[in-house]
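A single chain, nothing else alongside it, follows as structure tokens in the form predicted on its own.
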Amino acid sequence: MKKKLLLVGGAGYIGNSIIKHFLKLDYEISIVDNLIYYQKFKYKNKVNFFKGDFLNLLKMKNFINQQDYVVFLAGLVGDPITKKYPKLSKKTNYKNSKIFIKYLLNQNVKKFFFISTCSNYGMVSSKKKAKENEVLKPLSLYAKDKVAIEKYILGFKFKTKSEVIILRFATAFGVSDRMRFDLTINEFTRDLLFFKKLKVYDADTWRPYCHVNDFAITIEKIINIKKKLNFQIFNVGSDKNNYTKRQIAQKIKKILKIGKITFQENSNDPRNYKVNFDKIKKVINFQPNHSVNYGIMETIKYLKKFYVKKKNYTKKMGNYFIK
């Protein structure tokens, strides 16, 4: 019998990579997504696809009970869009998420994954790397809601039969079937390739990075691990992929051998954090398979194939998509 995996908000950038990975492993995959970005979803005929708000699933108790694993990806993702639509963001990322998670944790799925973010750390002294027990200092609405939901979930300890895991993802990069170019590495690569110029704000602030495919590998490893990880929190990424924006920009320029980079200080984004990934390496033996250099080269190849040849891209809500 196939293992059953439900991705809530699964038609996005990360969700598409998870789908692709788990289809190869012969899972039965179900997706609920309202396709808020009007994106094409290429896996409709390969998964059980429900278009609409994730709260609609509350009417489908038997369906929820049939699932082995649930990954909660739903929400308005990232600082720009949550800042632009704060009321919708609060409703989706906090209020509705609480309702769904409460319902889900009263069911008996084997494992529930809540996808959070390393952005929760906000600002950390450059002399140390944030571990999972670091005091959280979220600066953006997006991160504040993630922190609030993490706290809400932890309140279910000893109150649910489901095994609950919280994953704080590093900043994603790399190619996905639903591509995003509002992420640092992808955006910088696109701008230097297409426009031959790049403006970098607060160049010496730190972020951790992780390839989108490595997130899927992480989830697979945790699904298959025999030891109980109930109500544990993991930073997902690699210490070696902590970089400043300046380092990322210079790395891309070195590969492309073209472009002009200018640096601007004092933006509206003061986040600055290095992250420690020792726990996930020790507990589940996770080390990313994809380097930042790999992701840059992969993105360049993707851009040349789909954009330079077709010469068509449109701007919607801060992202660029193929028509």
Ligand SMILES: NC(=O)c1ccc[n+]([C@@H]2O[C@H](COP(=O)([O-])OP(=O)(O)OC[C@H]3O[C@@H](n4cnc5c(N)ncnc54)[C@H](O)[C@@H]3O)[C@@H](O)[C@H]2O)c1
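Source: prediction; values computed, not measured. Residue indices: 1-based, along the sequence shown.
Although not depicted, the form predicted in complex with this ligand is the subject of the following passage.
For the candidate set 113, 121, 169, 188, a heavy atom within 4.5 Å of this ligand in the predicted bound form is found for exactly one residue, namely 169. Only one listed stretch (242-250, 124-132, 74-82, 217-225) carries heavy atoms within 4.5 Å of this ligand in the predicted bound form, and that stretch is 74-82.
Here the marked residues 207, 237 and 291 all miss this ligand in the predicted bound form; none has a heavy atom within 4.5 angstroms. Interface membership of residue 52, defined by any non-hydrogen atom within 4.5 Å of this ligand in the predicted bound form, is confirmed. Looking at residue 284, you'd find every heavy atom of it more than 4.5 angstroms from this ligand in the predicted bound form. This ligand is not shown here, but in the predicted bound form it comes within 4.5 Å of a heavy atom of residue 36. Although the partner is absent here, residue 183 is a contact residue: one of its heavy atoms lies within 4.5 angstroms of this ligand in the predicted bound form.
Contacts with this ligand in the predicted bound form, taken as any heavy atom within 4.5 Å, map within 8-25 to 9, 11, 12, 13, 14, 15.
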